[in-house]
Each structure stands twice: as C-alpha cells, then as structure tokens.
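Starting off, we have a lone chain in the form predicted alone, written out as structure tokens.
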C-alpha cells in the first residue's frame, strides 16, 4: 500500500520560514512514506530545486491554458518551475472562491493531459451532513469532477468533511470507516479502480493520525494547520509510521 502525508500550507509562510520547514522535515527519510508539501506558488521552484526528499505541489492550477486572465497561474508555468502536481477542489476553493465541479473537472483534465499528479478534494458541509446527503454529495463530486478522466495512476483523493476542517474536531473514526468504504465502492463501480489512493483531511493531529493508520485502510492524510510547525508535523509523521 502507498502511504502519503500531505502538508497543505494554504496562505502562510515567508520564504525564509519555508526553507526552515523543509530543512527540518527533509531530514526524515522513510522509503515507505511519501511526504508532499503543497506550497504557495512563489516558492515552488526554489524548494523543488533545493530539497529532494519532499515532493513539491501547488495548491491550485488555472482552469485555462493561457491568455488574458490576470492573476491566473497556468499548467505550463507550474511545469516550468518543477512542481509535481496540485491540490484541486479544496473546500476553501469551492466555498470561498465558488469553484464548481465543472471548473474542477477542467483543472483535473488539464493536469492529466500534462502528466501531472492530482490530489482531488471531496467532502460534505455540515448542512449536507445533517440533511443525510453525505453520500449523494460525495458521489456527485467524484463523478462530476472526474468526467472524462482515465489515468488513475495520477490521482489521489482526499476526503475532507468541510465541517471538520480547522475546528479541532475530526470525524468519528467509525464514520470515517463508513465514508472510506463508500468512496472506494464508487471507484470500483464507476471506474473499475480497486486501489485508489485515499487520504483524510480535517483537523488531523498526532493522535488522530494513529487512528487513521490503525483503524482504517486509508493511505494517509492531508494536513493543514497541524503541519505548519515542522516539529509538530514530524510528530505526526512518526506516529503514522
């Protein structure tokens, strides 16, 4: 089984802070665990060139290939600075920046067409959960965002229940097991994929990561604020391995 831990930096870190994080975390080297840092655009080239034990991802990519789109960062730009792949469809992109499944699908296909890796985020809001629509939401997000997609070797899926992100209250482990089974069932039934790489994201800490490893068959975690302190992230890593 592939094991993966992803640190999502969001809109944080100066370049100096980024380098200090990489210097500490890159000292950890275990061939059974892949560590990914999803960093702000300006740092990708420097970090990718100077640190080899950690794979550098972006946190987004444009849904257009180029042109008169002020502020957009395209796939060709990212490839030119050495990124490995991108997080797509994070709940903050969906709910703050109003990205639809159609826009996310365009980004997924652009990454696939450029042989770049994808971490596709899916997850329900608290309202959707309370209305009993979790499975409908997950099914629709997966099917709609992966319309026309075929190269599943490039894909990692991160299940991030929106109501658990940044709250300090992760999902109950029995609910996570149920969600994992359902997501894997979708990939088997809709895409004939048995071994999708599946991560959990949502208030992951050094204690909950042990439950993920011991109580589920998930491949790892997508971690936000708990990973920003490199010493704390190393504790999460050690508890996982």
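Residue numbers count along the first chain shown, from 1. Note that the coordinates shown come from a computational prediction; the quantities given were computed from them, not determined experimentally.
Below, we turn to the form predicted in complex with a small molecule, even though it does not appear here.
Visitor: Pick from 142, 164, 78, 110: which residue has any heavy atom within 4.5 angstroms of the small molecule in the predicted bound form?
Guide: Comparing distances to the small molecule in the predicted bound form, the residue within 4.5 Å is 164.
Visitor: Is there a non-hydrogen atom of residue 204 within 4.5 angstroms of a non-hydrogen atom of the small molecule in the predicted bound form?
Guide: The answer is yes: residue 204 has a heavy atom within 4.5 Å of the small molecule.
Visitor: If you check in the predicted bound form, is residue 224 within 4.5 Å of the small molecule, heavy atoms only?
Guide: Heavy-atom contact with the small molecule at 4.5 Å: present for residue 224.
Visitor: Should residue 92 be classed as touching the small molecule in the predicted bound form when contacts are defined as heavy atoms within 4.5 Å?
Guide: Because a heavy atom of residue 92 falls inside 4.5 Å of the small molecule in the predicted bound form, the answer is yes.
Visitor: Please tell me whether any heavy atom belonging to residue 10 falls inside 4.5 Å of a heavy atom of the small molecule, as the geometry stands in the predicted bound form.
Guide: Yes, contact at 4.5 Å.
Visitor: The small molecule isn't shown here, but in the predicted bound form, which of 61-69, 23-31, 196-204, 176-184 has heavy atoms within 4.5 Å of it?
Guide: One stretch meets the cut-off, namely 196-204.
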